[in-house]
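Next up is one chain by itself, shown in structure tokens, the form predicted alone.
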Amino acid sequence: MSSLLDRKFCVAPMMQYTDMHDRYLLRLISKKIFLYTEMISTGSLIYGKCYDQLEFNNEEHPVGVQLGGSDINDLIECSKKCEQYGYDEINLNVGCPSDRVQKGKFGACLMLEPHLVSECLSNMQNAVKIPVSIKCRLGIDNHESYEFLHNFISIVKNSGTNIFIIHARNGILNGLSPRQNRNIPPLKYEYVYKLKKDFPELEIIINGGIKNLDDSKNHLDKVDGVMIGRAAYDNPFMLKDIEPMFYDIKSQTNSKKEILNLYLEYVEEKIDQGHNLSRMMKHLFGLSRGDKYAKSFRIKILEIIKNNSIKEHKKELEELLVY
């Protein structure tokens, strides 16, 4: 299914990080980025009834939901549920290397079963009208040749899915933690570039180790989009330059202080609705990245969390932001 959604810049799905509150903060900084939820397992939705994981703010659009699973019926059911919730896209995770995910037979281990992946995606697409995409790695364990990746894509694209987000590293299923898997396996960007040449009809988005917008610019000469992960979480304000640098649009973000005040208004509203103060406030840590008083800013946030005291300390927090 083709899509008119703009995925030139995406923020990666990150467990424990890209919840609805972080996504709201990122959207305050850039209107152009494409956002994704944390990975949500089909089992937690169907058997755990954890529908709160699907909650999002209307301001987040465009936003995609990432599902983890390999049971076709479960994926169909969850895809329909996600579409009903109003998501713009459904992404299937075929890249997570954690032990828990392997036991559930989803994530990176599915790269060894391209026909199953193709069948999953085909059925998901038939169940919904919104686009369905896939996020995978270059390969897993000792399957690290370009031929392995090429074969995987050749089979999976027969599902009709044409949006591929590629984390440009192998996944090591035994011996490395998920965190180590984000850093230790070498980056092979050239594999992703070659994929775009070999499959020009596919929308190829590159992910892995992309630290800033200058790196992004270089990648965008060779692929259709970039997905930034930890760098965007650790220093969210860098996203304010996406509009002027890549779309020739003036940034709508004036200052860190403006972002802070808008986000704190949001936090106060959400507290009244029963959301967790600590979880919401921790997303602000990176807003002071590079500032003279960054450490003091983070300490002040911890104090606010401890004392549940946004109103009393809002002005102090604002004064610790330099930009």
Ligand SMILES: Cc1cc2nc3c(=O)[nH]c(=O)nc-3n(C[C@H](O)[C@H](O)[C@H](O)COP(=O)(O)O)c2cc1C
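Don't overthink the numbering: it's just position in the shown sequence, from 1. Here the structure is a predicted model, which is why all the values come from computation and not from measurement.
Although it is not shown, the form predicted together with this ligand is what the next lines describe.
Peer 1: Taking 4.5 Å between heavy atoms as the contact cutoff, choose which of P114, P131, P185, G208 touches this ligand in the model of the complex.
Peer 2: Only one option qualifies, and that one is G208.
Peer 1: Within 4.5 Å, heavy atoms only, which of T161, N93, T253, S216 is in contact with this ligand in the model of the complex?
Peer 2: Among T161, N93, T253, S216, a heavy atom within 4.5 Å of this ligand in the model of the complex occurs only for N93.
Peer 1: Can you tell me which of 51-59, 286-294, 257-265, 31-39 lies within 4.5 Å of this ligand in the model of the complex, counting heavy atoms only?
Peer 2: Only one stretch passes the 4.5 Å heavy-atom test: 31-39.
Peer 1: Test of understanding: in the model of the complex, would Y17 fall inside 4.5 Å of this ligand by heavy atoms?
Peer 2: Within the cut-off, so yes.
Peer 1: Does the 4.5 Å heavy atom contact test between G225 and this ligand in the model of the complex come out positive?
Peer 2: Output for G225 is no: heavy atoms all beyond 4.5 Å of this ligand.
Peer 1: Is I310 a contact residue for this ligand in the model of the complex, using a 4.5 Å heavy atom cut-off?
Peer 2: Looking in the model of the complex, residue contacts with this ligand do not include I310, since no heavy atom lies within 4.5 Å.
Peer 1: With a cut-off of 4.5 Å between heavy atoms, is I304 one of the residues that contacts this ligand in the model of the complex?
Peer 2: Because no heavy atom of I304 falls inside 4.5 Å of this ligand in the model of the complex, the answer is no.
Peer 1: Taking this ligand in the model of the complex, which residues of 128-148 have any heavy atom within 4.5 Å of it?
Peer 2: Sequence-ordered list has one entry, K135.
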